[in-house]
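What follows is one chain in structure tokens, specifically the form predicted on its own.
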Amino acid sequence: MSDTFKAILVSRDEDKKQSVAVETLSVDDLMEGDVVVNVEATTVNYKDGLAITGRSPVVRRWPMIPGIDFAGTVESSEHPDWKPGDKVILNGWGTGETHYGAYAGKSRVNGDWLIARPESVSAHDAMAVGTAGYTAMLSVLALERHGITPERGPVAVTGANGGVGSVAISILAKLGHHVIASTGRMSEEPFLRDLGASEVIDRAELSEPGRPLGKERWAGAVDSVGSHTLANLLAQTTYGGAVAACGLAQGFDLPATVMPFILRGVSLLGIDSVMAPKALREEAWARIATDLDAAKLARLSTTIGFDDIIDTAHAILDGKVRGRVVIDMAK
């Protein structure tokens, strides 16, 4: 194993102008932690795109290695739970934001941030899921805890072509739900129906200012968009239903009223994937191993190499990426 490795480093100058470069680093250059992991696979999430392009203030420490999740093998450990050779996954915990992240050959992290990779899930497939898919599973779990079963009625999924949306559709469909997928790319309807969507609607139906209450259309929803889209989802949720909110692709505002809450008993379920407790993470990944169709996962993911990361980060923000992108660090 080489003592040095490539890493993507984002920096900014005194005028706060951001730059991105590929550097050669060693373990000594990494931040503090009690476990060193050889990174085998990672992915490009929407947040990673923001970090590399600087279009939104995701990075909070400079310089920074972006990349909010990885799958790999423990090289060395001073943590009691891990030993060399262990197969692990990391999602969130500020990596790629305040702690050096996944876009490097190795990562040194706090062992408490790691979970064991399920035996049936390869490093590649774990990152085909990634934080986006893990967030989708957290959203599904939240809806289930609220009692949203297939018998209750349809479930809407916004941002359907994105990482969260595409995995959510696949999981919900396998669980027997009638899924209504909302997308800005209606040309992708065949892809979304292949994942399991029963209906596909244009996001324009939800993205503009709407009425405080609308026709009841779905018992639940997974929303990665926010703003007017989330407000309209709430306004069209059936009595006693729930919306799991996990993203802000349209905006972080919520221009809604209390009407859905006090007249229909609708619940808004907040989903945080970054700091979720370990037990919940393990539950989510155990369910991913059983409830996500491996064949569908392959269809919604593409694989690139390390050298393609920066271009893909720009593409994901420009809406040019469908489904999930896996980075094979050996390519």
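Because the structure is a prediction, the values reported are computed rather than measured. One rule holds for the numbers: they count along the sequence shown, beginning at 1.
The protein also exists as the form predicted together with a small molecule; that form is not presented, and the subsequent description refers to it.
For the candidate set Thr95, Thr237, Ser170, Ser224, a heavy atom within 4.5 Å of the small molecule in the predicted bound form is found for exactly one residue, namely Ser224. Here is the short version: of Val155, Ala71, Val164, Leu233, the single residue with a heavy atom within 4.5 Å of the small molecule in the predicted bound form is Val164. Using a 4.5 angstroms heavy atom cutoff to the small molecule in the predicted bound form, all of Gly159, Cys246 and Asp272 count as contacting. Although the partner is absent here, Gly184 sits close enough that one of its heavy atoms falls within 4.5 Å of the small molecule in the predicted bound form. Shown alone here, His124 lies farther than 4.5 Å from the small molecule in the predicted bound form, counting heavy atoms only. Taking the partner from the other structure, the small molecule in the predicted bound form has no heavy atom within 4.5 Å of any heavy atom of Asn91. The small molecule in the predicted bound form is approached by Ala132, whose closest heavy atom lies within 4.5 angstroms of it.
Note on the interface: of 82-90, 211-219, 99-107, 246-254, the segment with non-hydrogen atoms within 4.5 angstroms of the small molecule in the predicted bound form is 246-254.
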